[in-house]
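As structure tokens, one chain now follows by itself in the form predicted alone.
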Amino acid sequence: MNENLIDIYIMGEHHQVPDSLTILQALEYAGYRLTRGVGCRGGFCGACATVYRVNGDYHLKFALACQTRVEPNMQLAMIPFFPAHRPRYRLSELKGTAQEVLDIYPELLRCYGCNTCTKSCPQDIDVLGYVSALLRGEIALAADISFDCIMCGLCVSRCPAELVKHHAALLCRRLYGSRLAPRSTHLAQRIAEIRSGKFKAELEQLKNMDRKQLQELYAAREVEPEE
């Protein structure tokens, strides 16, 4: 089958690759052996952060290499890790206040509000939105807006104030989950059932099944039980 080859430039080096490939696949097609900058291949781990430009467009674009298809004359480079300050803290010692986040990440107060962080996010997260929420003391909102963050660090790479927004957002999500979110009553009930041995016989039965039996049981499972 004939493939439509296009010209791309990987870190300045010219290659011809099929136009049906993602950037990640194109790197491998061009002969690169990926030992860093590749993880889940599904857009969830943030390991394949990539910056690129295309002819005729002055914009610097941002993407995950596993999700983005190559374009003619694309000039690209991967950033599998971007250095970002990450203070040490003990979650168990925090109460869950916005002031604690600002004490740990005081540089957030330098935010210019320029919104380049949001423009650089490959997940289309409103990065400035969660920073603003945090500065207003709204940890729950900051945690909610940043929920889909995959910690790729591209927002940090473009920030003129050099803020480590994604790490601060992660702290907000940790504080919300451990201190602010309502306690799950059904989870507490299930833990009590496990500790009481309610599922012991069933677990023993599963442990004694062979691979085929487990596969059949899994295939026949009720995915969404009706209430």
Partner chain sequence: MSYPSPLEELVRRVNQTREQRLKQSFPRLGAEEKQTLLKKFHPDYRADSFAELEVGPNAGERAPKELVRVLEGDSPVSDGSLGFGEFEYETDVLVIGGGGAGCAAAITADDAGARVIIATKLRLGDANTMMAQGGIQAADKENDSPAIHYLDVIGGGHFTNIPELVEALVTDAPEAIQWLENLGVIFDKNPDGSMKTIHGGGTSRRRMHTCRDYTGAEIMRTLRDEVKSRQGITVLEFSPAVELLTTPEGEAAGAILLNLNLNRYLRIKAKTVIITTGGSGRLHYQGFPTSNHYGATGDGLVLAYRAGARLAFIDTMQYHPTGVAFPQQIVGQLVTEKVRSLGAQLVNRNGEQFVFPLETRDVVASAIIRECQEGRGVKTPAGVDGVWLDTPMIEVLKGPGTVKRELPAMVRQFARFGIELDKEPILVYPTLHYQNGGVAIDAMCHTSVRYLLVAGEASGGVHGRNRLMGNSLLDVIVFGRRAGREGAQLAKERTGSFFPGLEHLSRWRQLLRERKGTGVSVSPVLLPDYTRKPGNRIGGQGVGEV
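Residue numbers count along the first chain shown, from 1. Small disclaimer: the values here were computed from a predicted structure and weren't measured.
The following text describes the form predicted in complex with its partner chain, which does not appear among the structures shown.
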On the criterion of a non-hydrogen atom at 4.5 angstroms or closer, are 6, 131 and 163 all touching its partner chain in the predicted complex?
no
Within 4.5 Å, heavy atoms only, which of 77, 109, 114, 91 is in contact with its partner chain in the predicted complex?
91
In the predicted complex, does residue 59 have a heavy atom within 4.5 Å of its partner chain?
no
Taking the shortest heavy atom distance, is residue 156 within 4.5 Å of its partner chain in the predicted complex?
no
In the predicted complex, does residue 86 have a heavy atom within 4.5 Å of its partner chain?
yes
Give a yes or no for residue 103: in the predicted complex, does one of its heavy atoms lie within 4.5 Å of a heavy atom belonging to its partner chain?
no
Could you list which residues of 4 to 43 come within 4.5 Å of its partner chain in the predicted complex, counting heavy atoms only?
20, 21, 22, 25, 28, 29, 31, 32, 33, 34, 35, 36, 38, 39, 40, 41, 42
